[in-house]
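There is one chain below, alone, in C-alpha coordinates, taken in the form predicted on its own.
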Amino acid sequence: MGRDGTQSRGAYALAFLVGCAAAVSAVTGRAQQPPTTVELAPRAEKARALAHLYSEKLRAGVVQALKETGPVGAIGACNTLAPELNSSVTDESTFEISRTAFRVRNQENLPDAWELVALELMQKALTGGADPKTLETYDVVTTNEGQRLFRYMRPIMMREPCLVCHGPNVAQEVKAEIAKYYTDDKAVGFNVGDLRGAFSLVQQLD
(Lines give C-alpha, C1' and ligand atoms only; values in the text may rest on other atoms or scores of the structure.)
Protein backbone atom coordinates (compact mmCIF):
# COMPACT_ATOMS: atom_id res chain seq x y z
CA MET A 1 0.00 0.00 0.00
CA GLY A 2 1.36 3.41 -0.95
CA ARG A 3 1.67 6.50 1.23
CA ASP A 4 -1.50 7.85 -0.36
CA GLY A 5 -3.47 4.91 1.04
CA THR A 6 -4.02 3.12 -2.27
CA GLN A 7 -2.99 -0.26 -3.60
CA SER A 8 -0.61 -0.64 -6.55
CA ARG A 9 -1.63 1.52 -9.49
CA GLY A 10 -3.58 -0.24 -12.24
CA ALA A 11 -3.19 2.42 -14.89
CA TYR A 12 -1.43 5.67 -15.45
CA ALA A 13 -0.14 7.96 -18.15
CA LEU A 14 2.98 9.82 -17.09
CA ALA A 15 3.55 13.34 -18.37
CA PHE A 16 7.17 14.36 -17.98
CA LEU A 17 7.96 18.01 -18.52
CA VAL A 18 11.36 19.47 -19.35
CA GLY A 19 10.87 23.22 -19.63
CA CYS A 20 7.78 23.66 -21.80
CA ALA A 21 8.06 20.30 -23.59
CA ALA A 22 5.60 17.62 -22.45
CA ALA A 23 5.34 14.01 -23.53
CA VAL A 24 3.29 11.06 -22.34
CA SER A 25 5.84 8.35 -21.69
CA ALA A 26 3.81 5.30 -20.65
CA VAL A 27 0.36 3.87 -20.21
CA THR A 28 0.25 0.73 -18.10
CA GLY A 29 -2.62 -1.65 -17.38
CA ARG A 30 -6.16 -0.94 -18.55
CA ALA A 31 -6.86 1.90 -20.97
CA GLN A 32 -7.41 5.35 -19.54
CA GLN A 33 -8.49 8.56 -21.23
CA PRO A 34 -5.88 11.26 -20.54
CA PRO A 35 -7.20 14.39 -18.80
CA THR A 36 -7.11 17.72 -20.60
CA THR A 37 -4.37 20.29 -20.11
CA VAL A 38 -7.01 22.70 -18.80
CA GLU A 39 -7.78 20.27 -15.98
CA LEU A 40 -4.15 19.62 -15.13
CA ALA A 41 -2.60 23.08 -15.40
CA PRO A 42 -4.15 24.80 -12.35
CA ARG A 43 -3.55 21.76 -10.15
CA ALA A 44 0.07 21.59 -11.27
CA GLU A 45 0.51 25.30 -10.56
CA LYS A 46 -0.81 24.85 -7.02
CA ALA A 47 1.31 21.75 -6.40
CA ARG A 48 4.38 23.55 -7.74
CA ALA A 49 3.85 26.45 -5.35
CA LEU A 50 3.31 24.13 -2.38
CA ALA A 51 6.45 22.13 -3.18
CA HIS A 52 8.48 25.34 -3.40
CA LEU A 53 7.09 26.64 -0.09
CA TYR A 54 7.75 23.31 1.62
CA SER A 55 11.28 23.22 0.23
CA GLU A 56 12.14 26.71 1.45
CA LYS A 57 10.69 26.13 4.93
CA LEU A 58 12.49 22.81 5.30
CA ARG A 59 15.80 24.25 4.10
CA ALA A 60 15.50 27.25 6.42
CA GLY A 61 14.67 25.00 9.37
CA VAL A 62 17.63 22.71 8.75
CA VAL A 63 20.06 25.63 8.29
CA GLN A 64 18.84 27.21 11.53
CA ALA A 65 19.18 23.93 13.41
CA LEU A 66 22.72 23.47 12.09
CA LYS A 67 23.67 26.93 13.33
CA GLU A 68 22.05 26.52 16.74
CA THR A 69 22.81 22.89 17.61
CA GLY A 70 25.31 21.64 15.05
CA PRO A 71 24.96 18.53 12.82
CA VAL A 72 24.11 16.12 15.66
CA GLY A 73 21.35 18.30 17.06
CA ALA A 74 20.01 19.02 13.58
CA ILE A 75 19.12 15.34 13.11
CA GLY A 76 16.43 15.49 15.77
CA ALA A 77 15.24 18.87 14.53
CA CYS A 78 14.82 17.56 10.99
CA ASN A 79 13.08 14.44 12.27
CA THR A 80 10.47 16.68 13.92
CA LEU A 81 10.29 19.45 11.33
CA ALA A 82 9.54 17.36 8.24
CA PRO A 83 6.37 15.67 9.63
CA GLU A 84 5.17 19.03 10.98
CA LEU A 85 5.55 20.58 7.53
CA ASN A 86 3.80 17.60 5.94
CA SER A 87 0.81 18.06 8.25
CA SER A 88 0.77 21.81 7.73
CA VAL A 89 0.60 21.53 3.94
CA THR A 90 -2.08 18.85 4.13
CA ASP A 91 -4.20 20.85 6.59
CA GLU A 92 -3.95 24.09 4.60
CA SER A 93 -4.59 22.59 1.15
CA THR A 94 -6.22 19.63 -0.55
CA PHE A 95 -2.80 18.08 -1.22
CA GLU A 96 -0.81 15.55 0.75
CA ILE A 97 2.94 16.07 0.48
CA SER A 98 5.84 13.75 1.16
CA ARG A 99 9.38 13.08 0.02
CA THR A 100 10.77 10.02 -1.70
CA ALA A 101 14.04 8.88 -3.28
CA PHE A 102 15.96 5.94 -4.69
CA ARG A 103 17.85 5.80 -1.38
CA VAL A 104 15.81 6.85 1.63
CA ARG A 105 16.56 7.50 5.29
CA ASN A 106 13.01 6.81 6.47
CA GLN A 107 11.70 3.53 5.05
CA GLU A 108 8.17 4.97 5.02
CA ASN A 109 9.35 7.19 2.17
CA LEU A 110 10.21 4.39 -0.24
CA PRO A 111 8.86 5.19 -3.73
CA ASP A 112 5.79 3.44 -5.07
CA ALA A 113 5.62 2.32 -8.72
CA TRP A 114 4.53 5.70 -10.11
CA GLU A 115 7.14 7.59 -8.10
CA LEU A 116 9.89 5.19 -9.12
CA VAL A 117 9.20 5.78 -12.82
CA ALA A 118 9.19 9.53 -12.23
CA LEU A 119 12.50 9.38 -10.37
CA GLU A 120 14.07 7.34 -13.15
CA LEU A 121 12.93 9.85 -15.76
CA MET A 122 14.23 12.75 -13.68
CA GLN A 123 17.61 11.08 -13.29
CA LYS A 124 17.78 10.38 -17.02
CA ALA A 125 16.94 14.00 -17.85
CA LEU A 126 19.51 15.34 -15.38
CA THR A 127 22.18 13.02 -16.75
CA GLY A 128 21.36 14.43 -20.17
CA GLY A 129 22.04 17.95 -18.94
CA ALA A 130 18.54 19.18 -18.08
CA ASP A 131 18.13 22.11 -15.69
CA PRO A 132 16.58 20.66 -12.48
CA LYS A 133 14.52 23.84 -12.04
CA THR A 134 12.59 22.95 -15.20
CA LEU A 135 11.80 19.35 -14.24
CA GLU A 136 8.46 18.21 -12.93
CA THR A 137 6.11 15.29 -13.43
CA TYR A 138 2.33 15.26 -13.05
CA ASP A 139 -0.72 13.35 -14.17
CA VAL A 140 -4.06 11.90 -13.10
CA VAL A 141 -3.75 8.31 -11.88
CA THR A 142 -6.61 5.82 -11.61
CA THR A 143 -6.19 3.23 -8.86
CA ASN A 144 -7.37 -0.38 -9.00
CA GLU A 145 -10.34 0.71 -6.89
CA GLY A 146 -11.34 3.28 -9.51
CA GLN A 147 -10.32 6.35 -7.49
CA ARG A 148 -8.73 9.20 -9.42
CA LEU A 149 -5.73 10.99 -7.96
CA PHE A 150 -3.78 13.97 -9.21
CA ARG A 151 -0.09 13.30 -8.66
CA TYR A 152 2.84 15.67 -8.90
CA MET A 153 6.59 15.37 -8.38
CA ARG A 154 9.58 17.67 -8.67
CA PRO A 155 13.24 16.92 -7.87
CA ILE A 156 15.14 17.65 -4.67
CA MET A 157 18.74 18.48 -5.52
CA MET A 158 21.62 18.01 -3.11
CA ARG A 159 22.84 21.29 -1.57
CA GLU A 160 25.88 22.21 0.47
CA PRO A 161 24.17 22.29 3.93
CA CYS A 162 22.91 18.74 3.40
CA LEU A 163 26.41 17.25 3.07
CA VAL A 164 26.91 16.93 6.82
CA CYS A 165 24.08 14.39 7.05
CA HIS A 166 23.77 13.04 3.50
CA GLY A 167 27.22 13.49 1.99
CA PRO A 168 29.99 10.97 1.23
CA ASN A 169 31.89 11.65 4.47
CA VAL A 170 29.34 11.78 7.28
CA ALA A 171 31.03 12.02 10.69
CA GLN A 172 30.74 9.01 13.00
CA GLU A 173 28.90 10.97 15.71
CA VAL A 174 26.36 12.11 13.11
CA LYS A 175 25.90 8.54 11.88
CA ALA A 176 25.33 7.41 15.46
CA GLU A 177 22.66 10.08 15.97
CA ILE A 178 20.96 9.19 12.69
CA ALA A 179 20.83 5.53 13.79
CA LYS A 180 18.76 6.55 16.85
CA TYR A 181 15.93 7.64 14.55
CA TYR A 182 16.47 5.54 11.40
CA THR A 183 17.68 1.96 11.63
CA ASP A 184 18.20 1.35 7.91
CA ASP A 185 19.55 4.61 6.55
CA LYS A 186 20.48 4.54 2.87
CA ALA A 187 20.46 8.30 2.22
CA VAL A 188 24.20 8.97 2.31
CA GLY A 189 26.96 9.27 -0.26
CA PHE A 190 25.45 12.20 -2.16
CA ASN A 191 27.44 15.09 -3.65
CA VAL A 192 26.27 18.65 -4.30
CA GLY A 193 24.20 18.69 -7.49
CA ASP A 194 23.06 15.05 -7.21
CA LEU A 195 19.40 14.09 -7.38
CA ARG A 196 18.68 13.66 -3.67
CA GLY A 197 15.04 12.67 -4.20
CA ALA A 198 11.74 14.35 -4.99
CA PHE A 199 8.76 16.06 -3.45
CA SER A 200 5.62 14.00 -4.08
CA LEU A 201 2.13 15.52 -3.85
CA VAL A 202 -1.22 13.76 -4.11
CA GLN A 203 -4.71 15.26 -4.42
CA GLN A 204 -7.87 13.15 -4.36
CA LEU A 205 -10.23 13.94 -7.22
CA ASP A 206 -13.13 11.62 -6.33
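Just count from 1 along the sequence shown to find any residue number. None of the values given here were measured: they were computed from a predicted structure.
Here the subject shifts to the form predicted in complex with a small molecule, a form of this protein not shown in this document.
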property: 4.5 Å heavy atom contact, residue 109 and the small molecule in the predicted bound form; result: yes
property: Distance check, residue 48 to the small molecule in the predicted bound form, heavy atom within 4.5 Å; result: no
property: Interface membership of residue 132, the small molecule in the predicted bound form, 4.5 Å heavy atom rule; result: no
property: Contact flag, residue 79 vs the small molecule in the predicted bound form, heavy atom cut 4.5 Å; result: yes
property: Candidate from 119, 75, 125, 97 lying within 4.5 Å of the small molecule in the predicted bound form - any heavy atom; result: 75
property: Three-residue site 59, 66 and 104 fully in contact with the small molecule in the predicted bound form at 4.5 Å by heavy atom; result: yes
